[in-house]
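The chain that follows stands alone, in the form predicted alone, written as structure tokens.
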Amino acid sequence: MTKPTLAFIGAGTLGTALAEACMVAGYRVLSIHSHRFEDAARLANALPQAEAVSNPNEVTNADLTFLTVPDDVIATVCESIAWPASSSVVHCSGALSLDVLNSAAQTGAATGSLHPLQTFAPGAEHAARLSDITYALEASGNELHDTLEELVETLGGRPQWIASADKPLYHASAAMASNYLVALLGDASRLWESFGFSRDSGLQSLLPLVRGTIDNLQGVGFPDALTGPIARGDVDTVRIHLDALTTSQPDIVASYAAMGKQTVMLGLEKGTLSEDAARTMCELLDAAVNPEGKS
């Protein structure tokens, strides 16, 4: 299959990473438009033969155009362009269906979505993070289906076709695994301030533990990767944790208890936590959040 020519609307973190990765994989990027022209020019300067354009309608010379813009403006950006029927238009939202591209579909253009299941932070080598990951895909027709699948495989990724109705759950899963992990480690690191260390020091101390846990998950999966006092049925240790949190960082008790109850479920699944211990553990966790037992 001949590689399609590409265009990008949006030259932020994702647009830059995807455009650079596609260029390295042998795709030709023709044009780039961005809300700020200087961003489009910066990216175009890094890509051979790419041109920064000030008018978004100038991207329609490409076979396939990626809308790498924030979710809440995808529909508006799509509506602002006169798409030829020969166009293929793809957004990169993990949560939205193809409905946001209806204005392009109404002209006869093929529509799709491509969401790399990856996180990008300032200063990271973004393009390198786009290989060996999952991509959630959706396409309105067979030709675009094949085009997107080949593109993902060329990038070294794993294509997963996700139905529109399932995308909110898919994206919630991604948010929990990435964003909520950051929040969880924020709380865990902040506890170090209570015994004389900085939050950054706490984070650096905890990161090897996190990496070890991820290695365990990759190696043995659920539920065997679970360790710790709840998995062992060590009620007294959990009680000590809750007493200390209630005294020192009461705002963290609710999240500790909520995650604790989920951990109880995994402990039961693993078989190292008895039904009696699980019941006692849940009662203890509930009481920490609702000490007066109000319904």
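Numbers follow the displayed sequence, beginning with 1. Model, not experiment: these values are computed from the prediction.
Form predicted in complex with a small molecule: not shown, discussed below.
Comparing 180-188, 215-223, 201-209, 110-118 against the small molecule in the model of the complex, the single stretch with non-hydrogen atoms within 4.5 angstroms of it is 110-118.
Relative to the small molecule in the model of the complex, residues 98, 141 and 162 are all farther than 4.5 Å at every heavy atom.
70 is the sole member of 26, 228, 48, 70 with a non-hydrogen atom within 4.5 Å of the small molecule in the model of the complex.
In the model of the complex, at least one heavy atom of residue 34 sits within 4.5 Å of a heavy atom of the small molecule. In the model of the complex, the small molecule sits within 4.5 Å of a heavy atom of residue 13. Taking the partner from the other structure, the small molecule in the model of the complex has no heavy atom within 4.5 Å of any heavy atom of residue 88. Using a 4.5 angstroms threshold between heavy atoms, residue 39 counts as touching the small molecule in the model of the complex.
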